[in-house]
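Included below are structure tokens for two forms of one protein chain, each presented in isolation as structure 1 and structure 2.
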Structure 1
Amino acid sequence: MSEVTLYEKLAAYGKSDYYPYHMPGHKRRARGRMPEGLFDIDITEIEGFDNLHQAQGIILEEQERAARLYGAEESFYLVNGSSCGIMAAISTAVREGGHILMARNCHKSAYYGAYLRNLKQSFLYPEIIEGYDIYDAITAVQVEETLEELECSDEPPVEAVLIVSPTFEGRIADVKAIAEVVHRRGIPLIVDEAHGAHLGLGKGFAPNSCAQGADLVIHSVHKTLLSLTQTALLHVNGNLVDRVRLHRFLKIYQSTSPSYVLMASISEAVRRIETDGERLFAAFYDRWMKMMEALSACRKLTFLPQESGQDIGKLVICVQKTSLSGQQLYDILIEKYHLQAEMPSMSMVLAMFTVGDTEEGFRRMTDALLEIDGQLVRGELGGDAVINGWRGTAGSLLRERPRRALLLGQAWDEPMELCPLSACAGRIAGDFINLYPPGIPIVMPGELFTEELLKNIHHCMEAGLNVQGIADVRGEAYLQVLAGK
């Protein structure tokens, strides 16, 4: 195996006198104001640099290195993000028109995969953590009970189970127990572990899903490790996955012109953890624990406890005991402290920490939250009374279990029309509606709108949350519904 990394090989080639009579069109010369170094290493599949879609050389070696790091049998570079890995996993594990059991809090890319394969979807609904208005992790008991119910019904056999762990907010499932339940039925377990690329790699972290028996695992290397946006990994284990089919769908869902810049970024992220991971994760753990100890002094702001299955690095800041909404706290952190959190909801703010954070990053968030908490205790900060009347709206949205009138694959291809939000009760949704981030559907095509659901969507919009799937027509909110239905 070569000791030269993909980045090192690209950098050396960029400094050579080889003239590029090939794509890309910039010909390895800087144009405009982008950094020259990017152009030096941005090539296509040329002699000596392997091919992602038929890896036999340096890319194969780099993928094998990633597999060793995570304890997987095989690993694949993804340059179209975790989204393409999730779609490839679903398409591989479930035949066209087949039946998948999936967590309702799956990312929208999982729904896209189900649509493309015209799948029948059954859902696992996670419990909701009271006070924080977030989904908890799926449990093995839920999976067992739901599979038993489906086996006693007229539904076709479930061909795969898909869960999310960690969730967007950091809730970690007992993947080992769930894998045992699923494997007793001879079907594969897919784990969307996009937010867990760091798991199993350092002090204080739960094991990753490859080590817990999952058959297909997807990691976003850019989310919690030191890689560029849009980089990810897909891991495969066991004999329940047809690897020929997996290769086929990876070719379908990935670009035929994969970026060597992005692949080099994955390579460097993996190598960095191999060579310096112990020190990086130890420093991260110590900084995290120091911050959490300091924040325990807060009297108004509360934080999801680590000992309850919460991933280190996901700081869930709850405002239930304050006069603020999550959106208001989010805005204060940006406007006054110049701290950009990951997302707000009605009742909390999520801030993400990784090995890429500095001592200053931990200190600034700690100081800001302590100062804000002190102002709340003294009554110096107050929210809009109307906002306070909406407390729990996000939880209500999560509790919604819309009734399905049509399968996703049927509904999304039907003719649609725009309808005022105020007049949508009883109509069939024609498009997805979700809060973004994290991109988890509240409603999907084929499901029915209810008065309560529409009221909660309206409240989230008025609170300033980013609700996707809404059209603004002369200042009024409209939704896509199926024409005449």
Structure 2
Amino acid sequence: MSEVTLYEKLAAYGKSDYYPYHMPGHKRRARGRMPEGLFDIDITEIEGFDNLHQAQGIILEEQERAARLYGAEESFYLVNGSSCGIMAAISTAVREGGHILMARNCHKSAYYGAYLRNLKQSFLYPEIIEGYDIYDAITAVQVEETLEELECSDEPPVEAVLIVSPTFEGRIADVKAIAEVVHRRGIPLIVDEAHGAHLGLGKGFAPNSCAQGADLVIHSVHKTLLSLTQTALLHVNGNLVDRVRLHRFLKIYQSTSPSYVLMASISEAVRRIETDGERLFAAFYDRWMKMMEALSACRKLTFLPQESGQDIGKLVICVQKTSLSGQQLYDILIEKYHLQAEMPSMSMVLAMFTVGDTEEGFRRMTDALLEIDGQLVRGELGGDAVINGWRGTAGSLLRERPRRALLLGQAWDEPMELCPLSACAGRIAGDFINLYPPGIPIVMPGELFTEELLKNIHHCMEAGLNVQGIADVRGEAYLQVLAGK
């Protein structure tokens, strides 16, 4: 075991008199106006610093440390975010052209993985939480029923199941129960736990998916712990995953020049939790509970309670009982209080808290929301969230289940053309149509447009929702469709 951390070793090297006749080109000195110290530790795979793609030394030790923290059999550093981990997990678990059962609320990277490997996708559609317009977590019953249905159909056997937990908005699934259902079929469960790198690390927090039986688990360390953007981890457990293939796909989807700055940042984040995690998470938990207790006094704004399966740290502020839209509340928080939330939707605002937050961070959000709620109660604050007599709820669009005409991998490679939205019924989608937030595909390439679906898309656009994937041609909405089909 190395005595020094990756960061310490890099920092000492940066101060040494070794002259770099190697990449990167800045030679650890020509940093321009960038912060001092950053370039000192930005090296390539030189003597003594191991190689992410064939880890045998200090990087292997750091990865083993991460595995111990999460109770995983093996962990891998990711420098291209959870995105590359999700693509590697899918590509490993399902053969090219194979069949995957995945939650419809998966991140784009899951769809990109399916495209690259020309997979057949079957979907698990999560329930929608009324009033909040967000997807709930997938349940074990849904997975069981969908697998049974597929087993009784002509579809080829499902080779892996992929779910997201926690979701972007913090909905946590019963991963243990889902893993049991999936493992009964002898296939692996992949959990996109990008938003849950903090799970299982503190008292009061839900367990992480490695401890719940998942075979492949992906964590964005940068999202909910203390490391730099793009840093993530992939964990593997059990014997359902071919580890040789996993190594291969990690090589394919990651840079051949992984950043030592990013890797050192993962190492420091892991060590910080190891040495100080108990105190950090206890303080985070107390501050969160205090904030939620104070916010329970709100009469207009409502919040998803933890007992409903909501992650600690994801504050979902619902505006349904007010005359504000989520966007209007989001703007007030920025303009009046200088509080930058993660994202707004028509029905809610999502604010994120982590162990990195200060007491002041919790207090400022609490005070602002209490003040806004008071103004709403007294009628001093109000917007025109109701547009065309309709609040613009996204629920109807999130409930759409378009029929597939072609696989994503086939459709996205076909020649395309633009077609006026009003004339798209019966045509095959050529590109993704996402509702943002949450940015999940309502329609993906290869799926069929129906009159009903187009009416719904049109309605949501009219109501001011951000429907992505629509071209504006001289004021008219056009959609990308497969040419001549």
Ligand SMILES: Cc1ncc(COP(=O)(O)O)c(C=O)c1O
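Between two forms, the rigid core is the largest collection of C-alphas that superpose within 1.5 Å. Sequence positions of structure 1, starting at 1, serve as the residue numbers. For clarity, every value in this text was computed on a predicted model and none was experimentally measured.
Of these two, which one is the form predicted together with this ligand? Comparing the pair, one sees that structure 2 is the form predicted together with this ligand and the remaining one is not.
When the rigid core is used for the superposition, does residue 38 move between the two structures (threshold: C-alpha shift of 2 Å or more)? For residue 38, whose C-alpha is compared between the two structures after core superposition, the shift is less than 2 Å.
Quick check: residue 14 between the two structures - does its CA shift reach 2 Å or more after fitting the rigid core? Comparing the forms between the two structures, which are aligned on their rigid core, residue 14 does not shift its C-alpha by 2 Å or more.
Report, in Å with one decimal, the C-alpha displacement of residue 476 between the two structures after core superposition. Core-aligned C-alpha shift comes out at 4.9 Å.
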